[in-house]
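Let's start with one chain on its own, the form predicted alone, as structure tokens.
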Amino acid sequence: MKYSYYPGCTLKTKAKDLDLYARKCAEALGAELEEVDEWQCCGGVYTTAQDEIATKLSSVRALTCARDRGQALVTVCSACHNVIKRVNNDMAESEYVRTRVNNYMQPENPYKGETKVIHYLEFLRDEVGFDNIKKAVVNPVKRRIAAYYGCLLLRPGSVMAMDNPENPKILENFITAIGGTPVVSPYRNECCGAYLTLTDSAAPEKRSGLIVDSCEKKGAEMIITACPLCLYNLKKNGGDKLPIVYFTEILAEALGIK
């Protein structure tokens, strides 16, 4: 199985190990992630303004590359995934956006939202299958693990369409597949403070602390997340209480390739 792959900026700079784990785990599970050609930053935040076309171009370049290869596009960072999938939806559903973006791109080969965009967790669940991952585990992670989803992985639910945004199960099912025991926290899909860490550190400190405290009270021994920014905020504001780990890292441990 071959998939186009968009790593994003963070996994190419401050979080290179998370990118490496993603690639090696995919290889161990019988898949190959082929990095898209000359990708650029997705912007990190989806711009809701319909007349803001320039911010959508880098996502469309990556989507077009995957389409031309005849492959689905896999993302690992939940922020990148949110931006790219929402832009893809715009290209499929909005003639206004589609026409203006394609005027910047290749009018002779316009992009119309043809690429299937999947998060790495969806790749594990829908392409590989959690049952097959369970069979591939050589080092079961026998710990009580709390899943932290954050905001961007699940919302808006009608576009992201990965799981129920109010009662998700994909990370808990992933934890079970690698041998762990899921711990459900009431704040698992609440915001950690996200980008406010750049301008108002008190907000993420409060939000992230609340999330970590809740997981600790529920008996968790570890928290896993799928967003590098969430990972940063939770580690900074609660990493002294519980280990905070990216999901590709714990998968690499379970598969014996960390």
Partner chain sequence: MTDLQKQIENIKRISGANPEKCMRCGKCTAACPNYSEMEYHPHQFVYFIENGQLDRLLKSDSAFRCMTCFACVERCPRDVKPAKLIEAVRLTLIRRKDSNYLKPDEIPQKIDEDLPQQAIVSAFRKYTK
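Numbering follows the first chain given and starts at 1. Remember, it's a predicted structure, so these values are computed and weren't measured experimentally.
If you look for the form predicted together with its partner chain, you will not find it shown, but the lines that follow are about it.
K.L.:
Please determine, with the chain shown alone, which of 198-206, 62-70, 27-35, 215-223 has non-hydrogen atoms within 4.5 Å of its partner chain in the predicted complex.
P.N.:
Among the candidates, contact is made by 198-206.
K.L.:
Considering 108, 131, 95, 166, which brings a non-hydrogen atom within 4.5 Å of its partner chain in the predicted complex?
P.N.:
That would be 166.
K.L.:
Would residue 23 show up as a contact with its partner chain in the predicted complex if we use heavy atoms at 4.5 Å?
P.N.:
No, residue 23 sits far enough from its partner chain in the predicted complex that none of its heavy atoms falls within 4.5 Å.
K.L.:
Quick one: is residue 10 in contact with its partner chain in the predicted complex, heavy atoms, 4.5 Å cut-off?
P.N.:
Yes, residue 10 is a contact residue.
K.L.:
Although its partner chain is absent from this view, report whether residue 232 comes within 4.5 Å of it in the predicted complex, heavy atoms only.
P.N.:
Looking in the predicted complex, residue contacts with its partner chain include residue 232, since a heavy atom lies within 4.5 Å.
K.L.:
Quick check on residue 112: any heavy atom within 4.5 Å of its partner chain in the predicted complex?
P.N.:
No, residue 112 is distant from the partner.
K.L.:
What residues of 213-240, in sequence order, lie within 4.5 Å of its partner chain in the predicted complex by heavy atom?
P.N.:
If the 4.5 Å heavy-atom criterion is applied to its partner chain in the predicted complex, 213-240 yields 227, 228, 229, 232, 236.
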